[in-house]
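Here we start with a single chain on its own, the form predicted alone, put down as structure tokens.
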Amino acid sequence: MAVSTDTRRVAFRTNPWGRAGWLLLAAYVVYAAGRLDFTWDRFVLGLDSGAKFIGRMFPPEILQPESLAKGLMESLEIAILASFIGIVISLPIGLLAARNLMPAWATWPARAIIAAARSFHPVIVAIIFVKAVGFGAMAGIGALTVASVGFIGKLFAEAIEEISLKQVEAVRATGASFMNVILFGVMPQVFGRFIGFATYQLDSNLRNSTMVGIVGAGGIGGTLFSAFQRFDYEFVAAILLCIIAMIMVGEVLATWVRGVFVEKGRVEDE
């Protein structure tokens, strides 16, 4: 059946409030750029300065191999320990934050903890830990543990809230205890997603471990910052390439782990 011109005109009518919103957004972008002294001349000058800086970084050269190896190993250790501790803490907090399983008096404090852990960038938390426990890997582990609790706790709680309660009720009907309900009614439904969350957080902690080191929280970031201060830009390039290689290896391992556990869970479900 043919559609009349009037019907098409109504179907694709532009919302005037939408146009006004886009105009206000464009006006604010122009205003913000002016307030922040963003000019085309500075942008072009920055491109030229950036090209000169990158030119000084090549060819990469490993000037301090022992320092590089120690920093990379320390970053890896910080990321693994922080991820493990963060996951262990996130499990009960995420469970308490699930509103479909827990009462309000339990969910609100758990969600407050998650919100507090997510409120600050890991570098800011690392500065606090450096002031509290001093320079070194312990500060980095503490900072990334807080970040892990904020990320995994939130996603784990949301995953539990999306489960089917029929399986939970079926386990409860057998007279199972609360822990058995969690183990056999809840965890099988969220285990695959939780493995994905955990591997992603490990990958994120590998990246963040290079940043927290800049403020003295251990890892390769300290070596990178020292190389910048000495103007050893060839060594800076070598460090950056090693960090990229470490992240790529971690991504490959994370993809393999997700594939093994997720596929295994699907086969068991079938």
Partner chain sequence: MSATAPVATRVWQRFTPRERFRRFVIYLVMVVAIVQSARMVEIIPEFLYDAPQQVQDLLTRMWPIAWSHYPEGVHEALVETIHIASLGTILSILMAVPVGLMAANNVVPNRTVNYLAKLILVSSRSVNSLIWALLFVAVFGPGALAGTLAIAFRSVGFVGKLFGEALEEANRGTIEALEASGAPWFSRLLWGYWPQVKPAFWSIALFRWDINVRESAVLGLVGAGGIGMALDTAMNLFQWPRVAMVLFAIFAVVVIAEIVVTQIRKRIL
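Just so it is clear, the model here is predicted, and its values are computed rather than measured. Positions refer to the first chain, counted from 1.
Heads up, the form predicted together with the partner chain isn't pictured, but that's what we're talking about next.
Touches the partner chain in the model of the complex: M211 (any heavy atom, 4.5 Å) | M211 belongs to the contact set for the partner chain.
Look up in the model of the complex whether P92 has a non-hydrogen atom within 4.5 angstroms of the partner chain, and give yes or no.
-> Contact with the partner chain, no.
Applying a 4.5 Å heavy atom distance criterion, does G55 contact the partner chain in the model of the complex?
-> No, G55 is distant from the partner.
Using 4.5 Å between non-hydrogen atoms, is P65 touching the partner chain in the model of the complex?
-> No - in the model of the complex, heavy atoms of P65 and the partner chain never come within 4.5 Å of each other.
Heavy atom within 4.5 Å of the partner chain in the model of the complex - the one residue of A170, V133, L183, A112 that qualifies = Checking each option against the partner chain in the model of the complex, the one that comes within 4.5 Å is V133.
Residue by residue through 111-149, tell me which have a non-hydrogen atom within 4.5 angstroms of the partner chain in the model of the complex.
-> Residues within 4.5 Å: R118, S119, F120, H121, V123, I124, I127, I128, K131, A132, V133, G134, A137, M138, I141.
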